[in-house]
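One chain comes next, on its own, written as C-alpha cells: the form predicted on its own.
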Amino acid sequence: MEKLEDLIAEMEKYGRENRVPIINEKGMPVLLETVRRKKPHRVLEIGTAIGYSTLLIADAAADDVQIDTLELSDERAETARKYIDRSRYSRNITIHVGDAGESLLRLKGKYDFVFIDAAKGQYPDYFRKVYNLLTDDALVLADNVLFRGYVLGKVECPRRFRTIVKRLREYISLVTDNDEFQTVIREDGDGLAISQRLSGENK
C-alpha cells in the first residue's frame, strides 16, 4: 500500500488541475481535529468527490472504522475508488453512487459521525433524512455553511445564490434551534457547523 501522505498530495494536485472541489486547507484541520476527538466507528459522508476527505477521515477515526460515502457522479466515484484502492483503507470504505437524497433512504444501521459536503441547497433535506440514522451521541459536521460570507450577511448575495443561502440558513436554524444538539459554527475556511447530539444525561 502507498503512503497516505503521498496519495493525499497526488489527490490535491489532481483536484487543483481538474477543478474538483475538496475541503479547503483552512477547513481541513477542523475536520481532522473533530474526527480525532470523536474517534468514530461508523461514518457517513455525503459528497465523496475523489475520496480526499474520505481517506483523511479514515486515517483519523477509530481503527475499525467503516465509512459509507455517497457520490452523485459515476466518474468521480470511479476516480475515488481508484485512489481508495491504493490505500490501506480500501476495505473500510464503501462508495454508494447516485442521488444522495435517495441513497440516504436505503442505508441501514446507525452512524456516530456524519460529514456533509455536497449540494448546499440540499443540506436541510440531508439532515432530516440522516436524523434516524444517528446514534445517541452522534456528531454531524457540515462544510461550507457560511458560503462565501453570504449566509451571515457580511457580503451582499448575488441573485443566483439566494436559494442556496436561504437553504443554508435553514440548515443552521435546524441544528442550532434543536435542543437535541449542541452546535458550534466555525468560521474557518468557508464555515463549518459542528453539531454534537446530546445523550439524555447531557441535555
Ligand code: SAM
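So that there is no doubt, residue numbering starts at 1 and follows the sequence shown. Remember, it's a predicted structure, so these values are computed and weren't measured experimentally.
This protein has a second form, the form predicted in complex with this ligand, left out of what is shown; the following refers to that one.
Novice: Please name which of the stretches 66-74, 170-178, 156-164, 35-43 has residues with heavy atoms lying within 4.5 Å of this ligand in the model of the complex.
Specialist: So the stretch in question is 66-74.
Novice: I have Ser53, Ala100 and Ala118 flagged as a candidate spot, so tell me whether each of them has a non-hydrogen atom within 4.5 Å of this ligand in the model of the complex.
Specialist: Answer is yes for this spot.
Novice: In the model of the complex, does Gly189 have a heavy atom within 4.5 Å of this ligand?
Specialist: Result no; Gly189 lies far from this ligand in the model of the complex.
Novice: Even though this ligand is not shown here, does Gly27 get within 4.5 Å of it in the model of the complex, heavy atoms only?
Specialist: Outside the cut-off, so no.
Novice: Looking in the model of the complex, any heavy atom of Tyr89 within 4.5 Å of this ligand?
Specialist: No - in the model of the complex, heavy atoms of Tyr89 and this ligand never come within 4.5 Å of each other.
Novice: Wondering, does Pro21 line up within 4.5 Å of this ligand in the model of the complex on heavy atoms?
Specialist: Yes, Pro21 lies within 4.5 Å of this ligand in the model of the complex.
Novice: Among Ala49, Leu146, Ala61, Leu134, which has at least one heavy atom within 4.5 Å of this ligand in the model of the complex?
Specialist: Of the listed residues, the single hit is Ala49.
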